[in-house]
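Heads up, the chain below is alone and in the form predicted on its own; it's given as structure tokens.
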């Protein structure tokens, strides 16, 4: 009964696709760079932010995660020196996450890997025109969300 509803069918396709892509990309990112997809996205957001820094609350919004999830994610990244914490000199209550040199390098290497994976994925099934159409349609769904990553 519900499966004839085009909106529901589309959402189910999107959820299934998102789950599949997360798994597909996680394997290679983990194997090559020791990164999860969310860790790479976090590093990419910092890499593209002015001064390579964002507040934890902004990272949480951009990643659609809770602040506590972001804090848990950051702990091992701080230990290995990819990021560091900094306070706002004007307001000690505001904490920033700052990308360090090794984190910036990893963000860019991981982005290159993800780009190659994405190109391979779409080259298998899609023409350039189909990909442009899909990109435009999905872009309308996410246009209002904070912190869109640039896909140079």
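Please read all numbers here as calculations on a predicted model, not as lab measurements. Positions refer to the first chain, counted from 1.
Note that the form predicted in complex with the DNA isn't included here; everything after this is about it.
Proximity to the DNA in the model of the complex, defined as a heavy atom within 4.5 Å, singles out one entry of 123, 116, 32, 92, which is 92. The listed set 61, 48, 38, 111 contains one residue whose heavy atoms approach the DNA in the model of the complex to within 4.5 Å, identified as 38.
Remark: residue 55 counts among the residues lining the DNA in the model of the complex, judged by a heavy atom distance of 4.5 Å or less. Contact check for residue 101: no non-hydrogen atom falls within 4.5 Å of the DNA in the model of the complex. Put simply, residue 79 is far from the DNA in the model of the complex: not one heavy atom of it is within 4.5 Å. Looking at residue 127, you'd find every heavy atom of it more than 4.5 angstroms from the DNA in the model of the complex. Of the residues in 108-142, none comes within 4.5 Å of the DNA in the model of the complex through any heavy atom.
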